[in-house]
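As a starting point, one isolated chain is supplied in structure tokens, in the form predicted alone.
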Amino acid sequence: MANKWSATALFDRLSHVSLGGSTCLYSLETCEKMVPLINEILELKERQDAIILAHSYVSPEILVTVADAVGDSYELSLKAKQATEKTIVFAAVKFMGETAKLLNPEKQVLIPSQKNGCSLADSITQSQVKQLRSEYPDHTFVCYINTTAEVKAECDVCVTSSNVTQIVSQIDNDKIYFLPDRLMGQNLVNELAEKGVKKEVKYWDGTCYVHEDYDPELVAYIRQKHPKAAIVSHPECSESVVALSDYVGSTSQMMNYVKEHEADQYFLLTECGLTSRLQTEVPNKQFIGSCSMCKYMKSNTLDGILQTLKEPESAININIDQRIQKKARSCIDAMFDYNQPIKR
């Protein structure tokens, strides 16, 4: 039987959260309203043999209470691949639920939010990739995990922000087409050059609207106001922002950096859910800045998760055409193959 939460225990866990906009302000009264939903979710997911996966960008009351696994795209891909439960409830966005379905085609995968888009994933379509492949027939097509199953089905290998440089470096072709993130593509070109890896890299023009908004002027302002702060950015930010950062990495890499690094303050240039999560996990660290919030990630709520478990037919049930399933799974499997340790 799942352990039950009390309002005081929840408040103690969330009281350190100070960034995250109005959606992440926690009083004891707020926690008292949340606790019945949380305890009912815990009971239902156990009864229905369901696992809840949640991206670090969703609201912290989900992450600290009902989520069985929390992480970035790659970590959650691994968790989805290893899941033994018959139902996966994915508190994130639709393309992540599709990835879970590709890795577990026999399982039911449900998205508890009806607002399930992604400015990056939505920036390119399957037909556009087909057209690109006809224009660049000699290129290996590398897609960021932030893409639809249909787009993955037209690409050769999938990557995440944590392994893109490693995988592209290993590809036995000096002509690469990277999609859909233009800013990550530019950062990839620069990182390959720094490592002495010679590749011709073309890239699509998509962006994440949250990360695109950060600019060098903001970084300069933070440097002036908080000279002791460590500035940590995600590779979906612009190359000018990345160049001014103390550390650049995926969501999980940013988390590890903050936990292992000793600095007086931190400014994270990514969706503010990561800062909120870190405030619950390392409350002794100080974080500065304001909330840059993804409307899609934050549309996942306790109410939505509870409704999904009570009435699965009300949620988005991920179904993928078998032909797409086979080709897209091959693209993702190629990522896992490249990510294996190199034997010497």
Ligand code: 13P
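Residue numbers run from 1 along the displayed sequence. This is a predicted model, so every value here is computed, not measured.
From this point on, the text means the form predicted in complex with this ligand, which you will not see here.
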item: Location of this ligand contact in the predicted complex, chosen stretch of 260 to 268, 164 to 172, 139 to 147, 188 to 196 [non-hydrogen atom, 4.5 Å]; value: 139 to 147
item: Partner contact for residue 236 in the predicted complex: this ligand, 4.5 angstroms, heavy atom; value: yes
item: is_contact(residue 179, this ligand) in the predicted complex, heavy atom dist at most 4.5 Å; value: no
item: 4.5 Å heavy atom contact, residue 72 to this ligand in the predicted complex; value: yes
item: Heavy atom of residue 277 within 4.5 Å of this ligand in the predicted complex; value: no
item: Non-hydrogen atom within 4.5 Å of this ligand in the predicted complex for each of 42, 107 and 308; value: no
item: The unique member of 245, 87, 77, 250 whose heavy atoms fall within 4.5 Å of this ligand in the predicted complex; value: 250
item: Answer option from 111, 96, 129, 102, heavy atom within 4.5 Å of this ligand in the predicted complex; value: 96
item: This ligand in the predicted complex - contacting residues of 37 to 65, heavy atom within 4.5 Å; value: 55, 57
